[in-house]
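First comes one chain, alone, set out as structure tokens in the form predicted alone.
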């Protein structure tokens, strides 16, 4: 049930109410984090709603009709984020768990771990205890397998996931692993569920072979009821009459879970299909359907695997799948970051002391803007996001040390480069230390009940008007376009005006934050509307793999001058992904050239190329490698 508290209740009164609820067998959960107004209560109690409505401080009681209470989105409207060491599951990053079905040897585990980490996996899976259909099949290495998993974590920095099959294994799981998996066959082993609810480790709960979604969520409820709210759901296919696949992967479960529950959900296409060639298509489909991550079986030599070799990907197949997921992720508002776990450790570097403040990253505008979303996608909650009002103020704040990082849009796939920021990159002695690409979906937003026919003014950022040009053109005589500094401010202003003839163009998140209504969604001129954001800092992020660099150079004003630096790139087989000229401020008809290339120009092996570039340019500046 949900308890709406009386206005003006004090923290002391609420504390007494919580104590009384717990005394009646309730588990209390906060629903409103910024006020004292709403709490959730669930558990074993014989009291009815009327009893709780009469308690001091309670305004009214709203029953929760579902059998699962604690995992219900009504009890916890915001998405739960499960943190496993440096990895967060449930945010905008796609999290990929990869490894063999079973740990077979130290050599096999290490060989596979090296490959999956190389291609972007952030957690390593491997079974030490294997419940098999046949008693004669390989049953796993047991405790020795757990020790190998712990060595993998130490060697490769990958948190490890393994299945727990008995309550007797609780102590050794706590000692050796980071995430405890409950397999499909044990989804309704209630004593096991209660046990993992008490050991305090994150739990990956697989859906049972024949379980309904409600039964699956009720199993999660068992874990929650014992005090463990770090649960990750895993869809791995259900048993149907179809015989062409091992199981039937129920992708419809993803949006259903997102609606019913606040828990993150990942998908295991390996066990769902049972066939190597079917894994990648189902993995791609799972990301498109909104999954928070994937669990993929990968083996360094699948033909010799002791368990599930037929469904295990070869490392190169896994690498190709990761490239596909990287391309798909921005379409659904997510990101696959090949340096995710390293970035997490780097951005927190120097902040290990519990009383030390987080590092700070500045973005343009208010909470809910695409710049804010880009900041969250790159850093998660590892930094404090700071709102600033102009691009120059972000550069200044990073320069002076007021913030550690700045997040800036650099180019849009529809409207091109944000030239102001390119000019600031030349002016300021700062570095690009990372990048993130977002798909930008614009919506026409108004007060609840506003009709399109009522609109007379539309507020948004000037670049947004350009990106929605085809939608706006038919209304150019009846709608006045009012430019503001950012889309979140536009939505806030129409809320404050209370005028149904005002509308804004902004994101779905901004509409939700300000309790506004989306009048028409997806109004950008082309759905392939992506914005590339860069992260700037005073120094490069250490210990991060770098595969891309940005440079600025100029040449003397004579025939063939531009050809010479371009020939350096061509002779070395270096791929340029961007080349753009910009006027040099104060020097009419003279130009700087901005270049992005697929190399780490600051690596020792690249020094001869940089020397050759320096010899063939008039001015050369490295903006950063990332």
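Since this is a predicted model, take the numbers as computed values, not measurements. Positions refer to the first chain, counted from 1.
Separately, the form predicted in complex with phosphoenolpyruvate (PEP) exists; it is not shown, and the next lines address it.
Shown alone, this chain has one stretch from 89-97, 548-556, 180-188, 142-150 that lies within 4.5 Å of phosphoenolpyruvate (PEP) in the predicted bound form by heavy atoms: 180-188. Taken together, the three residues 130, 206 and 297 all lie with some non-hydrogen atom within 4.5 angstroms of phosphoenolpyruvate (PEP) in the predicted bound form. Just one of 104, 404, 502, 163 comes within 4.5 Å of phosphoenolpyruvate (PEP) in the predicted bound form, counting any heavy atom, and that one is 163. The partner is absent here; in the predicted bound form, the one residue of 431, 236, 117, 373 having a heavy atom within 4.5 Å of phosphoenolpyruvate (PEP) is 236. Phosphoenolpyruvate (PEP) in the predicted bound form comes within 4.5 Å of a heavy atom belonging to residue 271.
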